[in-house]
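Two forms of a single protein chain come next, each set out by itself as structure tokens; they are called structure 1 and structure 2.
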Structure 1
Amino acid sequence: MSVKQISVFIENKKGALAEVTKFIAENKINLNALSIADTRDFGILRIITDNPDNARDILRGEGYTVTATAVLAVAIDHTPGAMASVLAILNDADIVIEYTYAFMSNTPDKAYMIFRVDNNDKATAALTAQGVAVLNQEDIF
């Protein structure tokens, strides 16, 4: 089970993020989460939307370099130590985490975590065996 994340390569300059999000908003795509990793000259904007294929196509049409990646989304309790517990499960299963970011869920007692890992199937099995809810695109929205 996975979620489709869209990665957009953008210049590291004033207004670049505003421009990308404008195209997403103009096309009535709901942006639920984002993360930016930047360098001096460019950034990688990672987004979770309700319509990732449409977002990808629109941004490509605007000239952006865009990729889609299968990432894991998990629901965790919004309590101290919940993230550490999920990370321990992945560590014990010898899962390599490339990156992660979090965002609030639709309910106040849960948060969502996005994980880019080296093996989605193995990570999903380890997490679900320990009672961690692994989500799909529809679950997030």
Structure 2
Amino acid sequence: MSVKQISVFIENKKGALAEVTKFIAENKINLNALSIADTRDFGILRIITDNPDNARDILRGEGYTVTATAVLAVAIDHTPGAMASVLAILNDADIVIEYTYAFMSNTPDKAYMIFRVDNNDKATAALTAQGVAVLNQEDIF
């Protein structure tokens, strides 16, 4: 179980993010979630959108360096300690987390988290075994 995240390789310079988001806006791609990893030279813009294949094709067509990655989307309770318990489950299952970020939930009292982990299947099994909901593409919109 996973959702498709679109990553765009961008320069770490003034205006680069504005330029790509402007292009995304012009093409009516809705950004449900967005996160940026940055280094001195470059950044990676990661987005969750309802039609990732379309977003990837449009961005590649414009000449952007783009890839799609299967990431985990997890619904957690909107209460103190919820995130800590999810991380504990993953840690106990020996899952390595590359990065994580939060995004808008369509369910009251739930927060959605994106996790990029080293083994999606193993992580999904560990979380569902503990009653944590792992979401599909269609669940999150």
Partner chain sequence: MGNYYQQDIETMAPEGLRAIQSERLLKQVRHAYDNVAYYREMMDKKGVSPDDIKSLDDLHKLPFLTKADLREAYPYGLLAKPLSECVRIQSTSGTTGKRVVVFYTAHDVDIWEQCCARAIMAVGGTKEDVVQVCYGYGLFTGGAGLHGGSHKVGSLTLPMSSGNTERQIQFMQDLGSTIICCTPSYAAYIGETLKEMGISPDDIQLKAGIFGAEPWTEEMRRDVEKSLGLKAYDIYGLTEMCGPGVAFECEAQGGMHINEDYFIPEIIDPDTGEVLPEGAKGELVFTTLDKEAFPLLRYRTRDICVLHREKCACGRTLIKMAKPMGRSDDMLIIRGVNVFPSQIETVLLEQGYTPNYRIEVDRAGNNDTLDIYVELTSEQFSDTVRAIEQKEKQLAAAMKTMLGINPKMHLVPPKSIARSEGKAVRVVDKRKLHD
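Superpose the two forms; the largest set of C-alphas matching within 1.5 Å is the rigid core. Note that the structure is a prediction, hence the values are computed from the model and not measured. Each residue is numbered by where it sits in the sequence of structure 1, with counting from 1.
- It is structure 1 that shows the chain in the form predicted on its own.
- Once you line up the core between the two structures, the Cα of Gly131 stays within less than 2 Å of where it was.
- Its Cα shifted by 2.9 Å, Lys14 is compared between the two structures on a rigid core fit.
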